[in-house]
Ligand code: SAH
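Presented below, as structure tokens, is a lone chain in the form predicted alone.
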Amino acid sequence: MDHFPIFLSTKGQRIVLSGGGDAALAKLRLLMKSQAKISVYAPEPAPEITAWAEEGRLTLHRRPLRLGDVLCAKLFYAADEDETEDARTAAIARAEGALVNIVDNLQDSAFITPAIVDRDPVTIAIGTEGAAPVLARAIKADLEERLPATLGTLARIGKGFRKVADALPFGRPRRDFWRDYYFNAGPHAVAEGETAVEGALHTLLDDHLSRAARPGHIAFVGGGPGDPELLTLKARRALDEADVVIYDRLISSEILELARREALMIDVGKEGFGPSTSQDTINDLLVEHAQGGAQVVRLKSGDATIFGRLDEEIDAVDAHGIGWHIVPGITSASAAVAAIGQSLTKRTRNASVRFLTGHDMKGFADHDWAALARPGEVAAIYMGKKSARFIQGRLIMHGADRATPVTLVENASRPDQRILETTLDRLPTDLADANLTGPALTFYGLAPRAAARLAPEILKEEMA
């Protein structure tokens, strides 16, 4: 992020602009929505600028900018549409202490003006670091269609009511009240006018003041394989409402960004054969925060019900009478098999698929290797990288064909996804050569479909 977004208070502040053509007009149409004192310097201003000056909406000086003209200004716009003149006026503005924007010159500008969706007092700013203004405008148009015109009215009335709503305890009780207002009571009342909205606010406040505090609750949420677009709507909603998020090591940063900024984020990552947060500590954290009245999201990679120690955590919170529910997620096997263009089951090949773990609490996990070694069997093996040689040995010992296809998908669904195509015979060797450092899902009995092999991230056994 090269440009940090802020909302600058401009009420009563000076903003100076140099220029009088189309570039100046575009900036002024936006700036005049603020309560700033706007000064324009232009020897030949456009008729619209002259009209705005006559209406008292800005102060017009029919001459070029000179030394001293930008003193005490917060912002300065160089919109002369001439490189030499823009450089001259920008130099004056910098020397006199203003932040400078040069139209169509990102490199020499101290700030950029975003595309804006205006539902005053609700303002949405859209920036692309100056790289894609067409995209910013497209996003703006989409948001304009989605946001009702009455949103500004609701926000303005709500803003005036904030002090009254402070009668509610700080934190979740206030958030619940405002959520109820903006998404339920307010929209229903706004069609009847502002008086009806104000009445609805008072009625709603009385209702919330009489409510008992909401008890702590835990949502066990499947965070999916890492791509935030694969997160379910229900999971998104849980993150948006959470007071505390207790998350696993494999949860992607893009998904963590979806949590409320005010939420307490607690990393309880576990790593096979490496540093880990103990299960007892995780259980204690869940109980502690839920008993304190928090709405807790226990965010697990993939699906919470698959190799996630879910039962241990449910037992711990059940023992303290804490409410909970489960939000399913997309398991990494589903994302990984999609990446290689296959299905987990196929008529005439396999009517079932095994979900296995490469290691458990005691070390490498033992399974029914004899059954898995039969021709046509398919297994999705979680946490199988470090146990690859063990798995190979057990299967070959029970008669598995050494040419059986094996595919590993690293960082399934993520931008840095990689696919290793090999065989049971070459599995440990090719895995070592590939140097897969991220979480990987191992498919025994599946190779990438021919079309999927064209993907550049696939590493074939011939590389050795």
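Nothing here was measured: the structure is a model prediction, and the numbers come from that model. A residue's number is simply how far along the shown sequence it sits, counting from 1.
Beyond what is shown, the protein has a form predicted in complex with ligand SAH; the following relates to that form.
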{"item": "Interface stretch in the predicted complex with ligand SAH - options 371-379, 185-193, 163-171, 300-308, non-hydrogen atom within 4.5 Å", "value": "300-308"}
{"item": "Contact assignment for ligand SAH in the predicted complex, among N101, Q295, T331, Q392, heavy atom within 4.5 Å", "value": "T331"}
{"item": "Residue among L446, L441, I15, A24 with a heavy atom within 4.5 Å of ligand SAH in the predicted complex", "value": "L441"}
{"item": "Contact label in the predicted complex: V409 to ligand SAH, heavy atom within 4.5 Å", "value": "yes"}
{"item": "Any non-hydrogen atom of H61 within 4.5 angstroms of ligand SAH in the predicted complex", "value": "no"}
{"item": "Any non-hydrogen atom of A263 within 4.5 angstroms of ligand SAH in the predicted complex", "value": "no"}
{"item": "I139, heavy atom within 4.5 angstroms of ligand SAH in the predicted complex", "value": "no"}
{"item": "Residues within stretch 247-264 having a non-hydrogen atom within 4.5 Å of ligand SAH in the predicted complex", "value": "L250"}
